[in-house]
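Next comes just one chain, in structure tokens: the form predicted on its own.
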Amino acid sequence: MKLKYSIGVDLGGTNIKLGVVRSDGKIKSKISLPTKAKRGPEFVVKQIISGVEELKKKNKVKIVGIGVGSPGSIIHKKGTVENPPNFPGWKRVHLGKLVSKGTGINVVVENDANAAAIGEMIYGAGKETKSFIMVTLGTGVGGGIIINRKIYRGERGAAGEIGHITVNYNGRRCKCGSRGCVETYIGNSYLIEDVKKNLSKRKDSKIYEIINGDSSISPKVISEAFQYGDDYAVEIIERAGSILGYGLASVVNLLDISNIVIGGGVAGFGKPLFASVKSSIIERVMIPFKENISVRRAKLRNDAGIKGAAALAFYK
């Protein structure tokens, strides 16, 4: 079977990751550019086009299409992105048309977590699984739902927004406009904000020692502190897992899908996070679901978004 090539674009709140991907899932070449989302949609579109052109110059292969995984509500057939939570000024952007016009290549746009789920279904942890729930942990918290080997988009293309399940009806305000969403506790920026706020009370923590007075706290720093057996790092990771698990319990109860795949940067917390997620789901789901809960790490790791987006050019 002759291999084909497409470009996958993983549009994140912090970075835009792009890659030339073969139809068998191998990445030929990849790059990353800062999103600078605060500068508005026009700038972000220029960044995507610039990245595509750079990849085209580096890779002398025929590109059959571009797939873009974007946050927000996606009108799939039109390639339109609406109200992505961490992108100021993006009410409705015709992303597919704009990128296609700037590159001369056909573009398919999909919700970023849906794209990651498609990538895991075709190339990764969901390869042998009929139905599963994908969770992406990064700047925000996204989700994708695979049912009988098909992505479920819902009526507006916004299905699977696990990060915006309410776990505290009177909780902090979320960028989506609601309160107490899962994302407001374990989305990267919220998580780091909480750690910074509480760190002055935990000066015995290894985190305090690692940053050495600097304010640069990241999931990587928390993971490093955990490796030293730091109690505060353990608390942070287990609490994040519990909150995600409580949100996912509602999804499991609603959809009767027991397989969970977790990807994204915060998934780097590893086993303690997954153990906490699983125990919290089991604690809250209905009795018939308890013994079949499976929580796995995404196999494609940080490439899930690129490979999933690229697969949109091949996936029917």
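As the structure is a computational prediction, the values presented were derived from the model and not from experiment. Start at 1 and count along the sequence shown; that's the residue number. Only the largest set of C-alpha atoms that superpose within 1.5 Å between the two forms is called the rigid core.
Separately, the form predicted together with another copy of the chain exists; it is not shown, and the next lines address it.
Student: In the predicted complex, does every one of I75, P85 and Y123 come within 4.5 Å of another copy of the chain, counting any heavy atom?
Tutor: Spot residues vs another copy of the chain: no contact at all.
Student: Work out which of I211, L98, I192, I165 lies within 4.5 Å of another copy of the chain in the predicted complex, going by heavy atoms.
Tutor: Selected residue: I165.
Student: Could you spot which one of A275, L33, I257, V45 gets a heavy atom to within 4.5 Å of another copy of the chain in the predicted complex?
Tutor: The residue in contact is I257.
Student: Report the stretch among 220-228, 104-112, 192-200, 141-149 that approaches another copy of the chain in the predicted complex to within 4.5 Å, counting heavy atoms only.
Tutor: Correct option: 141-149.
Student: Can you tell me whether S250 touches another copy of the chain? I mean in the predicted complex, with a 4.5 angstroms heavy atom cut-off.
Tutor: Yes - in the predicted complex, heavy atoms of S250 and another copy of the chain come within 4.5 Å of each other.
Student: Using 4.5 Å between non-hydrogen atoms, is T80 touching another copy of the chain in the predicted complex?
Tutor: Answer no; every heavy atom of T80 is more than 4.5 Å from another copy of the chain in the predicted complex.
Student: So, Y246 and another copy of the chain: in the predicted complex, are they within 4.5 Å at any heavy atom pair?
Tutor: Yes, Y246 is a contact residue.
Student: With heavy atoms only and a cut-off of 4.5 Å, decide whether K206 touches another copy of the chain in the predicted complex.
Tutor: So K206 does not count as contacting another copy of the chain.
Student: Determine the residues of 105-136 with a heavy atom within 4.5 Å of another copy of the chain in the predicted complex and present them in sequence order; the list may be empty.
Tutor: Going through 105-136 in order - heavy atoms within 4.5 Å of another copy of the chain in the predicted complex - there is one hit, S131.
Student: Core superposed first: is there a CA shift of 2 Å or greater at P84 between this form and the one not shown?
Tutor: Comparing forms between this form and the one not shown, the P84 CA shifts at least 2 Å.
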